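Consider the single chain below, provided in structure tokens and representing the form predicted alone.
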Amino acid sequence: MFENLSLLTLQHYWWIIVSLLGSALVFLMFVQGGQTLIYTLGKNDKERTMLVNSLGRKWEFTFTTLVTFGGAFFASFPLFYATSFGGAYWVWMIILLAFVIQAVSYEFRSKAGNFLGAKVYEGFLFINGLFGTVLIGTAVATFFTGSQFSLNDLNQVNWEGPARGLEAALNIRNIALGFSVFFLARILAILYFMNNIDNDAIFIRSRKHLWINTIPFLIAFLFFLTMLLVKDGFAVDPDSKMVSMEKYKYLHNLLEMPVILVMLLIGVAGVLFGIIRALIKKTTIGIWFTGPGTILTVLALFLIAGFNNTAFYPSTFDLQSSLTIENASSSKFTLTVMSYVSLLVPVVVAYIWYAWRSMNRKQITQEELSKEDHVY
């Protein structure tokens, strides 16, 4: 089946797979968002324990999706992996460290003999929630703004400048997407807490802070989206494969790919509807609109970054070193074999859904935690 597809079709197929994983990761980062709200929504030890345990039952989904996303990117587009991780390694090292201390915190926060104390590990969780979201959002924004690197004839990367990726934080458009992800993760976490925790005090505080986080999210995201649609983009000539700047490239991508435009509009509408419904009505189902809306919105952004003859990882130092889904991909044989493996994805998704529903069948209460053998 897959062996009969052209290399270009396989490259597009795997960009969709990677984009779906990236979209799911952004949704699941509600765990990181929730970690930054532990002391905001929890005013005593019992409430904070409820919040941490609500997140603790899901943090492995986020971590596993991050690893899978990175692995799929490495296998399907290895030149991107080599360029970004080999050049902008300070950014990725900080992200990795942030996720390592997250795993340690959930494991040892409530362990007997914890000499550091629960507050130290809660501080680690906050650090993971802040840097994990902002830096990943900032890194993804470079798909549209570019990075300062060049490749030689052997595809060895030469990163221009000593900051090794941290210079991305000096671009306001990158930071706008970084903080969009940060505040969106907090919004998703608030909606998740409203759905998952049976506690009136936490529910009331959650609705209040939903307003507080929605306003900066809308400002940051609308700024990024507006700047994206009016900026010059990195276009690839389909014949010569030369990269050049094109006015309104990403706007053109949306208009020339109406399915993706509709996906973006539905996604944004879903995000807003879930938020508005939770603000106006005392409801717990906002997460079921904002969550899928997040996935569709992020998926649309990934697709306009790589499809329609666009460089998905552009170089602002040397345009011709920019990476596309054609020049950065694995061989046809590798993509074909991986495509057969990808047929197992629906099975994995079904298992995750089953596990999620099983854990969320009942809301978390203080009485339930008092009977639990394992408490985070």
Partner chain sequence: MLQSIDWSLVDWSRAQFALTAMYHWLFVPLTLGITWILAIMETIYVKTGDPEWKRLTKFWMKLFGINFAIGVATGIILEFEFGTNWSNYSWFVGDIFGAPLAVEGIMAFFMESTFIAIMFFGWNKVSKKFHLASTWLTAIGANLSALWILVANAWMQSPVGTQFNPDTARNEMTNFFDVLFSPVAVNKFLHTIGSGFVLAAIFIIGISAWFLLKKRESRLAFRSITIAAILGLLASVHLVLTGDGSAKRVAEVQPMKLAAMEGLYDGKEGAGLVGFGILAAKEKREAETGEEFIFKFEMPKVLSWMAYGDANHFVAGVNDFKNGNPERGILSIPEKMQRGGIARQALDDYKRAKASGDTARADSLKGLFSDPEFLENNFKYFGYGFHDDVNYFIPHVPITFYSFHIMVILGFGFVLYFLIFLFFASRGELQKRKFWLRLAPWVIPLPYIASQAGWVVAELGRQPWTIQDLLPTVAAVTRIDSGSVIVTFILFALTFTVLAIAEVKIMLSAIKTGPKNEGGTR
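Positions refer to the first chain, counted from 1. Since this is a predicted model, take the numbers as computed values, not measurements.
The next section is about a form of this same protein that is not shown, the form predicted in complex with its partner chain.
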Close approach of residue 64 to its partner chain in the predicted bound form, 4.5 Å, heavy atom = yes
Should residue 107 be classed as touching its partner chain in the predicted bound form when contacts are defined as heavy atoms within 4.5 Å?
-> yes
Hey, in the predicted bound form, does residue 45 get a heavy atom within 4.5 angstroms of its partner chain?
-> no
Within a 4.5 Å heavy atom cut-off, is residue 319 in contact with its partner chain in the predicted bound form?
-> no
Exactly one of 123, 216, 292, 86 comes within 4.5 Å of its partner chain in the predicted bound form through a heavy atom, and that residue is 86
One residue of 264, 220, 194, 72 in contact with its partner chain, assessed in the predicted bound form (non-hydrogen atom, 4.5 angstroms) = 72
Using a 4.5 Å heavy atom cut-off, which stretch among 236 to 244, 299 to 307, 152 to 160, 199 to 207 contacts its partner chain in the predicted bound form?
-> 152 to 160
Residue by residue through 28 to 58, tell me which have a non-hydrogen atom within 4.5 angstroms of its partner chain in the predicted bound form.
-> 57
